[in-house]
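Only one chain comes next, encoded as structure tokens, the form predicted alone.
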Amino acid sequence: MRERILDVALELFSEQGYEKTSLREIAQKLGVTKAALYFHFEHKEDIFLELHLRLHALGREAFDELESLHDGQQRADAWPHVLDHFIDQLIGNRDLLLLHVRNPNALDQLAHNERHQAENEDIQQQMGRLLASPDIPLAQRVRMACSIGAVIGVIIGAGGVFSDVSSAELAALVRDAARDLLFVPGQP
């Protein structure tokens, strides 16, 4: 039921906007009472936070995969594959990305949420550990950072700019750009 609530809320927040959507409307679309909704989410902000944390989960999945490898060089070698998977995950969740673009005030309100802050800090620490690894050459670490920045910038940061482009075409173009950033002259 919890996932159904989130899916319906995502649909309504995307269509009408977060601020214009009420818990009553979410409950009506689900065919449940507001009390049933309160059992799972006390506030509308809690629903938005859970939707936002779905994006965090995508990043966490990528970094967890890298951290499971034994050394920095294995992580660097796996980076292109992990980045490709991350691109697929982001493209597959374009509705979540558009939710953020269309509801910046709600996103700003999350900045003071302790759970959100802890999640952000954890992902930043994971990325920091990876990019600070001394057994990955500096040039490669910089290119890895640039590639993740480019992926996030295009798919998340550009918001609806590429909404007229098919998911498959956007994914292919982002992959090409990321590979260009990862290419180190003189290395295979």
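No experiment lies behind these values; they were computed from the predicted model shown. Start at 1 and count along the sequence shown; that's the residue number.
Missing here is the form predicted together with the DNA; even so, the following discussion is about that form.
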Original post:
Which of these residues, T33, S163, S68, Q124, gets a heavy atom within 4.5 Å of the DNA in the model of the complex?
Top reply: T33
Original post:
Taking 4.5 angstroms as the cut-off for heavy atoms, does H43 touch the DNA in the model of the complex?
Top reply: yes
**OP:** State yes or no: in the model of the complex, is some non-hydrogen atom of S22 no more than 4.5 angstroms from a non-hydrogen atom of the DNA?
**Re:** yes
**OP:** Counting only non-hydrogen atoms, choose the one of 55-63, 141-149, 115-123, 24-32 that falls within 4.5 Å of the DNA in the model of the complex.
**Re:** 24-32
